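So this first bit is one chain, no partners, the form predicted alone, shown in structure tokens.
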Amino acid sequence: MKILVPIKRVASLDDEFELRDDGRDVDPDFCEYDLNEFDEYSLEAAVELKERAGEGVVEVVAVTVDTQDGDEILRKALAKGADRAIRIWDESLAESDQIAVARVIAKAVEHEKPGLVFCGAQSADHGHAQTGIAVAGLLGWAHAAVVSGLSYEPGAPVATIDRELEGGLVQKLSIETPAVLTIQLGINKPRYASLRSIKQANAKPIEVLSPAEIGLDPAQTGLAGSLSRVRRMYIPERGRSVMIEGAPAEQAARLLEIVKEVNG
């Protein structure tokens, strides 16, 4: 069987940064990029399942929707145990929101025909937590979010999972396959890639596909296919803070004065 693992390259900001000239995002020159932390856990879950099943039973395929810069995280996924890597891109995908990206991944699923899709529970940058569930909706597959435990025999029609709920509760349930699972932090301990595996990953090919090659209509991606768009990004004005000096009684008195001043 095959497990498809969508992964994402996410940005983290330097302490000092500037916005793009159009004011809709951060200037990439001020960002550092790496594999999304949540995707580290979904990838590890797939690789662990492959290793438990034995050689040749499970194939793990990492896929990303990105420019050529996305090859870096695909190499990282290969070094951590993925068998194949796919990057989907052309300029029509620029500025796709999370739902438009989900359409691309859903088409990749139809192209690859996996039995399971493991997504990170959310991305560390935008944190929408929508893409994986949207993929399931587009495919009409069963799905479960925030999965913190998994028991599954490759090829079986049902998987047993634990998923986190509010208030510290854990829900145990069975889910029919094929299915999309969004994997929570802490389900496992992601491995470090060895120097040998990194060298081997650098020698492996990365398959590059266009949206048209997986049967995707350009009108379904980019701004045209997105249900949301960023209008403006800005740094909010900073409030004023004052350190209140003195003994506790003096501090309390001064605090009362400030409250009265604010309330008029």
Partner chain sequence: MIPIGIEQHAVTRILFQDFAPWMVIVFYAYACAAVGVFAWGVYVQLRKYLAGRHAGRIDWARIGGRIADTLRMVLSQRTVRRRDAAAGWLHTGIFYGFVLLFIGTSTITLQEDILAPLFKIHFWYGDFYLLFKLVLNVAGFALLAGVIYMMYRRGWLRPPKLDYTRPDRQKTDSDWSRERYRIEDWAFLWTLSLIGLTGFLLSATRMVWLEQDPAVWDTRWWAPVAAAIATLLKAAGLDPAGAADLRMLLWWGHGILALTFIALIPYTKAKHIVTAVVSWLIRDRAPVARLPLGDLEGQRIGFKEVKDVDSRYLLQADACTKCGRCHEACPARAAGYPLSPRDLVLTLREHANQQLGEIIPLSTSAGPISLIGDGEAQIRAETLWACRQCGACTEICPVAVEHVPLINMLRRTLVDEGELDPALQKTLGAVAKSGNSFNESRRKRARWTKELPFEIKDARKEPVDILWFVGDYASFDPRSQKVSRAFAKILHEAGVDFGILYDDETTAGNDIRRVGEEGLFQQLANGVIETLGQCKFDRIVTTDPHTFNTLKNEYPQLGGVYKVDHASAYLRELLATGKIKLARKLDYRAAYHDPCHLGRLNKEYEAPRSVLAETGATLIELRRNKDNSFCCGGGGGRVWVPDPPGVSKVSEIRAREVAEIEGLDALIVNCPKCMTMLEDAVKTTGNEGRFRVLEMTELLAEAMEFTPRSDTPNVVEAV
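Computed from a predicted structure; not experimentally measured. Numbering follows the first chain given and starts at 1.
Omitted from view is the form predicted together with its partner chain, to which the following refers.
This chain appears without its partner; in the model of the complex, the one residue of 196, 229, 204, 52 with a heavy atom within 4.5 Å of its partner chain is 196. Distance criterion of 4.5 Å from any heavy atom to its partner chain in the model of the complex singles out 72 from the list 72, 91, 176, 153. Its partner chain is not drawn, but in the model of the complex it has no heavy atom within 4.5 Å of residue 87. The closest non-hydrogen atom of residue 14 lies within 4.5 Å of its partner chain in the model of the complex.
Taking non-hydrogen atoms only, residue 111 never approaches its partner chain to within 4.5 angstroms in the model of the complex. Taking non-hydrogen atoms only, residue 213 never approaches its partner chain to within 4.5 angstroms in the model of the complex.
Considering its partner chain in the model of the complex, the lone stretch of 59-67, 215-223, 230-238, 32-40 in range is 32-40 [heavy atom distance within 4.5 Å].
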